[in-house]
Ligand SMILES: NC(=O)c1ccc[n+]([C@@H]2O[C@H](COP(=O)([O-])OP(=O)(O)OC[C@H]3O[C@@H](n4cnc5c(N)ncnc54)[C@H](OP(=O)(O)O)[C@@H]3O)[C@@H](O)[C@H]2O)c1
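Take a look at this single chain, the form predicted on its own, given in structure tokens.
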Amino acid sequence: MIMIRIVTIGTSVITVAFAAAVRTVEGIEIAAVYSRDAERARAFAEQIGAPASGDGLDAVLADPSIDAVYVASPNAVHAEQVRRALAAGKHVLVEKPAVGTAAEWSALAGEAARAGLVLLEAMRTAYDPGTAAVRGLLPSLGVIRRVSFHYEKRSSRYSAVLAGERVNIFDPAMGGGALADLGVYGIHALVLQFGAPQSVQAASVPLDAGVDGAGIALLGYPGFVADIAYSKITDSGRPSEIQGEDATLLIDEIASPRRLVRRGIDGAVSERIVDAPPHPMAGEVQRFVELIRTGATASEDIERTRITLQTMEDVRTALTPPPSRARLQRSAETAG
């Protein structure tokens, strides 16, 4: 079996988790670590068991022994690093959210297709067995009328933000914020199960750091309505729900469903426990390897990411406050 050799970009906790996931999947190995800081790159390579490291991205990408790149840098620099990796002839797995806009994603996907390369967003929810189990239970719920997905978890870095420190995941310049970090899970799950929404409304809790700390989006579909709640400054223990006219499905965790409870309107209750994969991120790694090995197109994956990014843009647009009545009046008076 030919081994896919991948280099990682980014030295945060998510890359540590990715390295652990790679060890559970056959046919792929981490060959090198990239960081702008040479010493940090060496230390991180030692930490995750990578045999090489480098602080020059162009040099790393020029290495003919490297087949692919895992991009887990701050959100704001994903697009440029993905573009450089594709230009160097490397397949790319990029952390969620892949890029900032749907148009940017479509452009990168076009570049990958023309070069015969795989571009995939590392969205573990899409490749989790629990997500497939939810899809399988949908017909038993009857006509869907309400959906409520949420991911609300207080960040371990929030205390640092309150102390006035600059933290990437709460930094607007780095593409941080609750919608980008956690809201994307609920939106992606909704798009995966039901497609693109027809309407979007939203509200959020702004932080002094310049990003959203929590928020909620209300999305309209033909015949039903969905809400997506997300927070990095509070916790929640409530399940997500899909409500049909015949039954309601309770989902313990939308990012990785493990316990699914169906409550029928007739009072019948059934439970399904989904076996966990060897690692929560194993599915995305396996999908990436499969696409590279078979040469299959990732059109469905690409389109799902595009719709998710477009929906996130629509949420941000809905959060933009309309001009006040007084401001409109002043503008009209000035124009007159």
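In this text, residue numbers run from 1 along the sequence as written. It should be emphasised that the depicted structure is a prediction, and the values quoted were computed from it without experimental measurement.
Absent from the display: the form predicted together with the ligand. The rest refers to it.
Colleague: Which residue, 157, 84, 262, 153, is the contact with the ligand in the model of the complex, using a 4.5 Å heavy atom cutoff?
Modeller: Flagged contact: 157.
Colleague: Using heavy atoms only and a 4.5 Å cut-off, decide whether all three of 204, 231 and 238 touch the ligand in the model of the complex.
Modeller: No: no residue has a heavy atom within 4.5 Å of the partner.
Colleague: Might residue 72 be said to contact the ligand in the model of the complex, defining contact as any heavy atom within 4.5 Å?
Modeller: Residue 72: contacts the ligand in the model of the complex.
Colleague: Since only the chain is shown here, I'm wondering whether residue 91 would be in contact with the ligand in the model of the complex (any heavy atom pair within 4.5 Å).
Modeller: Residue-level check for residue 91: no, no contact with the ligand.
Colleague: Can you work out whether residue 293 and the ligand are in contact in the model of the complex, taking contact to mean some heavy atom pair no more than 4.5 Å apart?
Modeller: Judged by the heavy-atom cut-off of 4.5 Å, residue 293 is well away from the ligand in the model of the complex.
Colleague: Would you check, heavy atoms only and a 4.5 Å threshold, whether residue 97 touches the ligand in the model of the complex?
Modeller: Although the ligand is absent here, residue 97 would touch it in the model of the complex, with heavy atoms inside 4.5 Å.
Colleague: Thinking of the ligand in the model of the complex, which stretch from 304 to 312, 59 to 67, 268 to 276, 35 to 43 has heavy atoms inside 4.5 Å of it?
Modeller: Only one stretch qualifies here: 35 to 43.
Colleague: Let me know which residues along 150 to 179 have a heavy atom within 4.5 Å of the ligand in the model of the complex, or say none if there are none.
Modeller: Contacts from 150 to 179: 157, 168, 174.
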